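Shown here is one chain on its own, the form predicted alone, set out as structure tokens.
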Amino acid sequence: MITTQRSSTGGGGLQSPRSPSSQPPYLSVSVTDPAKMGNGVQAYISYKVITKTNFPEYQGPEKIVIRRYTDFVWLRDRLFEKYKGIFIPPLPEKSTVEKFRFSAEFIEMRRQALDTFVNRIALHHELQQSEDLRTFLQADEQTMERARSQDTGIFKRKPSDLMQIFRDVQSKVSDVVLGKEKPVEETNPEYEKLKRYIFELEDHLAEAQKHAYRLVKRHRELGQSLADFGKAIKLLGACEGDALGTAFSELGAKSEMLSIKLQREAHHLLMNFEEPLKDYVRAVQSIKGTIAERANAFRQQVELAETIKLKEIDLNKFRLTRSEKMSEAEHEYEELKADSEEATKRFETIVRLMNEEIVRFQEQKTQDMGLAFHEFAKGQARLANGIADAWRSLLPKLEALSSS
């Protein structure tokens, strides 16, 4: 759970209380108590979403609702459609593997990721004011289901269609980097630099996450090997009735104890190191969606400008010939100008918001990655010390045994 204070609309500063004795505006959200609902292919996990706030737009100081994964998807899609230029927080993937999607570990990873998702929205000075967020945090299940069924948008497309958008943008950036063609979109050097950074960041994060996964796997495998070794050594010790048997039994017990430590550290590594890296891979993919939206906005602006030029040529012809189509053409021209002005404003808004968002993203990434790597180093130091202490405590007895 994260408690967030409302920011002023114009920036990141906190809003001043109405009076010295009043409490600053706050919004805290927690995703808790995952529970399996239904059976077979219809089964799903529900979550309790608890909201505490003094925002006047909300129904009261506390609200508890039940949500499922598709409700979180609805919220993400709605925000993506309405807040062009803002980096919408990513959601965890939906597992389709039956034996994994209802495992305790997967459910806890999903719960943690969903909690992070909704709190990032609550922290954002623009997104926290969303009417859709209020609906998500307050509506009853029937109202939420109706909202989902009426929804349309980019994420209603097939996943392959959405990924094609990302691939098209990535291909254009790659061609620019490799010098295969000149940029056909914007020619802003800073924007091209940003796109290259985002795609390179995705590659490096994915590579780091892959190796973090291998570290988790290695810890688990070593833990299992120590557990098996400990059982075998204890059985061997049971065959011996003297000091050798006692030493073997203690060695087996230490191995089993270290096995538990390794399994615990593997889980800690998964939740506090691998998952944050995976989350940032998803975050970069979400940013790529915003890049695609910016490219679309730029193209619309350019296409409308070109259409207006052609329409002006037609108008001049009609004026010279005093055509009866003149009135209709002038009306179409004014509509095109209005559409062009709106497209320009839309594009400029996306550019402005993206410039603000990348600064916020970098600051948040620095904090989150610093915490993740700190947790990694702390966990590895803790595990190394535990292993060293365990083996060290056995050395006197084993030395005495070998010298007897």
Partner chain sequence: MMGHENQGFEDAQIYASREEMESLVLDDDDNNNSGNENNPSSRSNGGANGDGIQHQHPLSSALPFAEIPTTDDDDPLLSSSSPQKSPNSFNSFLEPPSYADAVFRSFDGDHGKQINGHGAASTSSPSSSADYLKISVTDPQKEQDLNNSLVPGGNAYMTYLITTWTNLPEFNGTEFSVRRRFKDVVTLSDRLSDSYRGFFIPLRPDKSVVESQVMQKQEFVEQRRMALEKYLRKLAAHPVIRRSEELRLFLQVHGKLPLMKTTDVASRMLDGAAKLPKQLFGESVVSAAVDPNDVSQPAKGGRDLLRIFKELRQSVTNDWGGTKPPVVEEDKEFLEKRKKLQDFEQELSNVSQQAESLVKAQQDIGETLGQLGLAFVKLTKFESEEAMFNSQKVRAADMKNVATSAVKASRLYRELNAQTVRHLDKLHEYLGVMLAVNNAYSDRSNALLTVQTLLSELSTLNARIEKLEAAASKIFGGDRSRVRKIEELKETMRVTDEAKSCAVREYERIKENNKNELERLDKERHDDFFGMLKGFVANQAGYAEKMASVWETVANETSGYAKN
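Keep in mind it's a predicted model, so treat the numbers as computed, not measured. Residue numbers count along the first chain shown, from 1.
The following text describes the form predicted in complex with the partner chain, which does not appear among the structures shown.
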Next item on the list: Check, residue by residue, if Lys36, Val65 and Thr187 all come within 4.5 Å of the partner chain in the predicted complex, counting heavy atoms only.
Entry: no
Check: Would Ala212 show up as a contact with the partner chain in the predicted complex if we use heavy atoms at 4.5 Å?
Finding: yes
Note to self: Contact with the partner chain in the predicted complex for Val359, defined as at least one heavy atom pair within 4.5 Å: yes or no?
What the structure shows: yes
Notebook entry, point to check: Should Phe376 be classed as touching the partner chain in the predicted complex when contacts are defined as heavy atoms within 4.5 Å?
Noted result: yes
Check: Looking at the partner-bound form in the predicted complex, is Lys365 within 4.5 Å of the partner chain by any heavy atom?
Finding: yes
Margin query: Within 4.5 angstroms, counting heavy atoms, which one of the listed stretches 242-250, 296-304, 326-334, 132-140 is next to the partner chain in the predicted complex?
Written below: 242-250
Next item on the list: Taking 4.5 Å between heavy atoms as the contact cutoff, choose which of Ala232, Val73, Ala147, Leu315 touches the partner chain in the predicted complex.
Entry: Ala232
Next item on the list: With the partner chain left out of view, choose which of Arg218, Arg319, His267, Arg101 has a non-hydrogen atom within 4.5 angstroms of it in the predicted complex.
Entry: Arg218
Next item on the list: For the heavy atom contacts within 4.5 Å of the partner chain in the predicted complex, list the residues of 255-273 involved, in sequence order.
Entry: Phe273
